[in-house]
Ligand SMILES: Cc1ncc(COP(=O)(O)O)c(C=O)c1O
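The chain below stands alone and is given as structure tokens, in the form predicted alone.
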Amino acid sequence: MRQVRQDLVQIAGGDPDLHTCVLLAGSGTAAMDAVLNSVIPPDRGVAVINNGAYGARLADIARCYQLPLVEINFAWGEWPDRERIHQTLTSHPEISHLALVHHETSTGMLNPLAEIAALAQDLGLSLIVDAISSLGGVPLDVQQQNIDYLLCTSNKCLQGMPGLAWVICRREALEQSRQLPRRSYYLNLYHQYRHFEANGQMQFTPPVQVIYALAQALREFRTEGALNRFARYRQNWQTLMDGLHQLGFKTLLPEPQQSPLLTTVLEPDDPHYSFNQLHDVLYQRGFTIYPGKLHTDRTFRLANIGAIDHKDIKSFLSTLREVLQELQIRVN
């Protein structure tokens, strides 16, 4: 666990003297819960930028703990407007923390982290970033972007198994939270950190096999190299985008706003089309597509992360073309 924690700080661009990694048994939502319940002072509040399902989840967690909350809402798939965010924050002086989802997988949007981070720094706000589905897949640096709390999990771009979450913390900010009221027994960030510092262990039973799997995944990440991982994912995504356009599909977002990790695709307007049928036939042939999460548009989602390359994407596109023809689905 000591080596895993050190490796994760390094991958996030942290300084081992200034940053630490707190491991938590649970899914990525455990990291979201732990940060929000542990670091917001009783007399201050948190602002959440919400333009998708996971921004909404951050806000829901804040409400569960009855934290003073300012929700800065945009439509799902809408690019966050810096000026509106700035105006909202300056009109709420009680806000001490700003939370943002970096990669909003409900839409595939890669939110403007650098821009929001600069705004938070200008306003003197502590920045919380959900990087659950972006760390290890796109460039990210907690020092350059002045991130106090970076949330992640083992089973996305680092290609481990589910069941382990963590928070990369700026030590000074985390130490300042030690005097705050303890809102959670199991998911208190500071107490988990102190236990690691004192004993090298989690307070409670660790997911041992998942940690071993992550240690192996981190060795594979180092062997491939961060820049090569980023490039492989981007090539996967560009191959996917080119193929989808050739088939006539349209995507929810313009390409400059999309992450190179996951794409939300608009469903065909054809009476022969059924997501469940398309899903099941593709699944029988070795490929899984994921249902959309939007309430306003009919969509499905395609991820291109994991131990795959552009040849696998081309194989998927070839199979998708065959299945569309067999099911007599017209895309445009």
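Given the structure is predicted, the values throughout are model-derived calculations rather than measurements. All residue numbers are counted from 1 along the displayed sequence.
Here the subject shifts to the form predicted together with the ligand, a form of this protein not shown in this document.
The closest non-hydrogen atom of Thr107 lies beyond 4.5 Å of the ligand in the predicted complex.
Not displayed here, the ligand is approached by Ser133 to within 4.5 Å at the level of heavy atoms in the predicted complex. Although the partner is absent here, Gly52 is not a contact residue: none of its heavy atoms lies within 4.5 angstroms of the ligand in the predicted complex.
In the predicted complex, the ligand sits within 4.5 Å of a heavy atom belonging to Lys156. When you look in the predicted complex, the only residue of Arg57, Arg44, His279, Arg298 with a non-hydrogen atom within 4.5 Å of the ligand is Arg57. Relative to the ligand in the predicted complex, residues Ala34, Asn37 and Ile128 are all farther than 4.5 Å at every heavy atom. In plain terms, the part of the chain that comes close to the ligand in the predicted complex, with a heavy atom within 4.5 Å, is 20-28 out of 20-28, 5-13, 307-315, 320-328. Contact residues in stretch 96-114 (any heavy atom within 4.5 Å of the ligand, taken in the predicted complex) are Val101, His103, Thr105.
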